[in-house]
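First, one chain by itself: the form predicted on its own, in structure tokens.
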Amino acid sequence: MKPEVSKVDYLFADELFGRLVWFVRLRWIAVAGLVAASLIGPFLGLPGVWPALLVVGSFVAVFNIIFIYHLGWRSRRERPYEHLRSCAVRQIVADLAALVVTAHFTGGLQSPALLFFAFHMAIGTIILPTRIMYIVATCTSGAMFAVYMLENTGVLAFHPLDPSRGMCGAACQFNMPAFIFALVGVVALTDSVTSRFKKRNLKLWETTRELRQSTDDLQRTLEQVETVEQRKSHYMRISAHQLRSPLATVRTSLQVLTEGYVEPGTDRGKKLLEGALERLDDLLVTVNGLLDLAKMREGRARAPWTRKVNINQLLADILDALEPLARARSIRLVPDFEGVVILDWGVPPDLIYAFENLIENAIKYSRERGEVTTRLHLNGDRATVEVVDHGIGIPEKFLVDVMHEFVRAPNGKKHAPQGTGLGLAIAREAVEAHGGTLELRSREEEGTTATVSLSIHVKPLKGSTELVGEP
């Protein structure tokens, strides 16, 4: 029941604020009525109302100003329901206290002011939870009963409407239970009417919330689709550019040779052919990279998953294979393995490509006579591979983009002009295919750390049809 009440509460927060403002305005009429009754009462044979009702009217005016301050300076900006509800309770309690005093000075249980108790009970039940109003009704009944007993025992002076009559006697004994029944009955009757509207509005609120959530989800999906489309357009444009440039060079060289401007057997002709072959080699590297990337993204469900992949051995083989490249640049390769990491399942060619690319990049972008460290450690069921260099680094704004297709940082292009910008994208796809993550941390001119995190309990992708070594 509590969560439902909370929903209803927040649903009616704005409505509650409006009713409290209306309540404050209506209270000024009550102040005017109390002041008028205090001034006119003695002339109508009611000496007890002066100056008592004037004091009550002043009290009502003062707390009304206080309520205006709270509503005007706090609720207008934030309108938290808890504050509005406590404000409403305080207003009703203050009004009822003023009514109890007014009833005492205008005839007790014979006072015409008793009608306003029912009015407050009805309004309170509309704007507040019913359980609170039952408590308020009980307290109000107790207050009036206490006044009645104090008047009966002479502790409080009785102020009858008709000075010629004394205490109401037996009639008041009937009025008291009737008064209590009336308060509780008004709360129950009002709740029976308003609860249906609250439930209906609650369903409307829930429907609106679900619709808003669906709209937000759709908006996010559309934004993701738009981002994918932009990436696809960028990918196609850059791919076409990467392929067109070497093809144009090859075509120009062949055209010069076939049209007889240069003889193929001359030194110039041989240089043209060698240049064309180099550009074709670059083209093949790009095409192979695109094919590898396509395999990762579209064909990886058919990859040969192998059981019990030893990451230690895999990294050691890669370091041995890259040792000549590192020696040529005076780079020292430092293995730092802690423990033995064996994956339940893996695709060795893809993992080799990923780690080889990371280590080769570290060598490629390190300064001569530098050092590249490959760390491996196991923490629970997570294996972490870190490739650390102290080279040129990656500018911070490119740390995410360099893992997309054909993206290279400007300082990387300057340091090593040759490159397709596909290596990190393929490495990331390979790592993510194994349920892992690839992260880059880098500072320009200080170096880069590439971190691969893998679960040793990785399972083959759903739909894989080729499993090697399955028991």
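In this text, residue numbers run from 1 along the sequence as written. Because the structure is predicted, anything quoted here is derived from the model rather than measured.
A second form of this protein, the form predicted together with a small molecule, is not displayed here; the remarks below concern that form.
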Next item on the list: Report whether all of Tyr365, Gly421 and Leu424 sit within 4.5 Å of the small molecule in the predicted bound form, measuring from non-hydrogen atoms.
Entry: yes
Note to self: Given the stretches 408 to 416, 54 to 62, 30 to 38, 431 to 439, which is the single one in contact with the small molecule in the predicted bound form, using a heavy atom cutoff of 4.5 Å?
What the structure shows: 408 to 416
Check: Which one, Thr106, Asn361, Thr374, Thr140, lies within 4.5 Å of the small molecule in the predicted bound form by heavy atoms?
Finding: Asn361
Next item on the list: Note which of Leu351, Leu343, Leu96, Ile394 lies within 4.5 Å of the small molecule in the predicted bound form, where distance is taken over heavy atoms; exactly one does.
Entry: Ile394
Next item on the list: Answer for Asn357 alone: is it within 4.5 Å of the small molecule in the predicted bound form, judged on heavy atom distances?
Entry: yes
